[in-house]
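In the form predicted alone, a lone chain appears below as structure tokens.
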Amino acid sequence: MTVPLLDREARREVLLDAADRIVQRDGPAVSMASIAAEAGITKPILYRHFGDKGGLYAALAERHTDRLLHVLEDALAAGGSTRERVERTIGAYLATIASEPQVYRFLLHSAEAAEAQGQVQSFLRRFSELLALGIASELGLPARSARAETWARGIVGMVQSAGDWWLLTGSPDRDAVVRELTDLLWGAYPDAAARRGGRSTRRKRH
């Protein structure tokens, strides 16, 4: 007798829930054996549903990256000034990775999760494209202009790298990281350099 499709999909979600719990606990140290034990099944049953380890890890990565993308989309669309939207979106990203640090480490830093990197790259590409469209709209540029495309990918890479460092060190506090990244995007670096240059010039004249 063939198992109904909906039953198979529901069972697959149950297995992903079990995998989620183990990743939350073990992070990059997760194994197929521990996931199977958590689900109360044998490893061959996992392979039957996901094909292989790579299939399971890719499905898990897709679940988390889709959820994160929705969080960031909501933050961008919530209204307010441009700066407020950017600050809120950076804060949402940091809050999400801080709420599930083991998942973040599993997705980005586990050799065992290499099969999931395609899903992570897909998320980064989709979010960069979304951000590029927003930048183009804000600045009155063509949808695929070099400026909008380049700035979007630079911003995404900067925030991801800063988030990685912040999650590893835990310092400074999240609000400070959000504020500093937003200030940087709003020209704080050249402003600070100009003020520094002005002080140096005044000292030399004395």
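Start at 1 with the first residue shown and count on from there. Worth saying up front: this structure is predicted, and the values here are computed from it rather than measured.
Quick note: we don't show the form predicted in complex with the DNA, though the next part is all about it.
Between 38-46, 176-184, 59-67, 140-148, the stretch whose residues reach within 4.5 angstroms of the DNA in the model of the complex through a non-hydrogen atom is 38-46. For R153, no non-hydrogen atom is located within 4.5 Å of the DNA in the model of the complex, even though that partner is not displayed.
In the model of the complex, the DNA sits within 4.5 Å of a heavy atom belonging to A33.
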